[in-house]
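Here you get one chain, nothing else, as structure tokens; it is the form predicted alone.
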């Protein structure tokens, strides 16, 4: 690979394989919801309604605090086009978390609350010396949203809600190897995103005790990194190449995309609850990822990498059954369309259509409760050829076949008052 083309793979920055949704989206926002295939827009289960549908929060009668954490165990394999050696990712564990607290009068019409969650982020570490080492060796993305929320019940049947979504913390670290005439150097890009504000709003309607529905919209936020650090290593400082690869600064922007969701809830009996959600993610906003360098790197101050993502749908189905006053069990499934077109798959987002199965359970004693959930995500095998990369002008990535499976156990604690 030519040095110039190597530096143009900066598009790898800020993206990564997500734990439970297409692209780099993460939807592990509530332990009860996680056990039900991720449904929640048309339900009013608990304080996690602040994420799934703020309009439903006013219908959650219990005020409370809850915290949850998940651990994603991903296994990815790659076989280069025309090759037979299967490359494995190093073991990587990511821990998306969520925290909710809601307040309001016991018999009043409103609820206010605060939510903290991680809607985007992941970590990938490829095996040393793999075929795509000059595109990516390691990436870590973190994004934490804080959402102050207010919800109001207009009548006993309909409620509305909204919250500001504040990108309170965003950070990225990208690493890859640099091909030199007789060896490999290494480049690391590290930066933090500036704080940005969007919003999350929803409407919840429950015309009867056996049926409910909701709609939710979460706006797009552009995560901007300004003045990130570019650091080169394993390049002889006394060589003529050193001047072409200076340590410098970079600016970049990544869209944290908008989503629209609709959901319905069906309660055939007092013990059984069923939910169905459809999510529409506006990935088509993600056309390219551009970088600006403070000093020329290999003769250029900019780099552009094509993405050309397309909008995608996710379908979710789940339910819960209350066995006793303290014990509730859950199960669900989801089908998630990939936003990545053929010939645009990158090592940091080896994405494809995915199928998920979930189980979960809760046990409550008085005002305290504990929630468990586990998800298994199978990302379909995805191949792209060198001829596709040439036709699309995306030679800044590698041709071959990817396959990924992810297991995501989670636990949460809650207290109602």
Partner chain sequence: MASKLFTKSAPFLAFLGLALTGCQPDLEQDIKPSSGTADFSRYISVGNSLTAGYADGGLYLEGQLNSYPNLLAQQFRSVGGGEFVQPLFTEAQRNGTGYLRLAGFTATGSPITATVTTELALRAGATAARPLYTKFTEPVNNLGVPGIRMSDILTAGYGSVQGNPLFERITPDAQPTQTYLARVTASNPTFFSAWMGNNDVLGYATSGGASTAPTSIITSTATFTANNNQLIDALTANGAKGIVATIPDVTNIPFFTTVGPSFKATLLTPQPGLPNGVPGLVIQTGSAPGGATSTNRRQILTADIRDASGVGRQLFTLTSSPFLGLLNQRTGRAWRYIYGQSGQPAAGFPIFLTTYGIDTLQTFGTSAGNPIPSAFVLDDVEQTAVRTATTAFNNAMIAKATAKNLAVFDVNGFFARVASGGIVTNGVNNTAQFITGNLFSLDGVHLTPRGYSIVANEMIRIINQQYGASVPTLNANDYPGVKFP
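Keep in mind it's a predicted model, so treat the numbers as computed, not measured. Numbering follows the first chain given and starts at 1.
Below: the form predicted in complex with its partner chain, not depicted.
*Asks:* Answer yes if any heavy atom of residue 240 is within 4.5 Å of a heavy atom of its partner chain in the predicted bound form; otherwise answer no.
*Replies:* Taking the distances in the predicted bound form, the answer for residue 240 is yes, it comes within 4.5 Å of its partner chain.
*Asks:* Whether residue 157 contacts its partner chain in the predicted bound form should be assessed with a 4.5 Å heavy atom distance threshold; does it?
*Replies:* Close contact is absent here: in the predicted bound form, residue 157 is far from its partner chain, nothing within 4.5 Å, heavy atoms only.
*Asks:* Quick one: does residue 203 come within 4.5 Å of its partner chain in the predicted bound form, counting heavy atoms only?
*Replies:* Result no; residue 203 lies far from its partner chain in the predicted bound form.
*Asks:* Is residue 76 a contact residue for its partner chain in the predicted bound form, using a 4.5 Å heavy atom cut-off?
*Replies:* So residue 76 counts as contacting its partner chain.
*Asks:* Quick check: do 123, 326 and 353 each get a heavy atom within 4.5 Å of its partner chain in the predicted bound form?
*Replies:* Per the other structure, none of 123, 326 and 353 touch its partner chain.
*Asks:* Of 83, 207, 227, 108, which residue is found within 4.5 angstroms of its partner chain in the predicted bound form when only non-hydrogen atoms are counted?
*Replies:* Result of the distance check: 83.
*Asks:* So which of 295, 234, 310, 88 gets a non-hydrogen atom within 4.5 Å of its partner chain in the predicted bound form?
*Replies:* Of the listed residues, the single hit is 88.
*Asks:* Which is the contacting stretch out of 247-255, 272-280, 176-184, 113-121, given heavy atoms within 4.5 Å of its partner chain in the predicted bound form?
*Replies:* Single hit among the candidates: 176-184.
*Asks:* Only counting heavy atoms and a 4.5 Å limit, does any residue of 382-417 reach its partner chain in the predicted bound form, and if so which ones?
*Replies:* 386, 395, 396, 397, 398, 401, 402, 403, 404, 405, 406, 407, 409, 411 sit within 4.5 Å of the partner.
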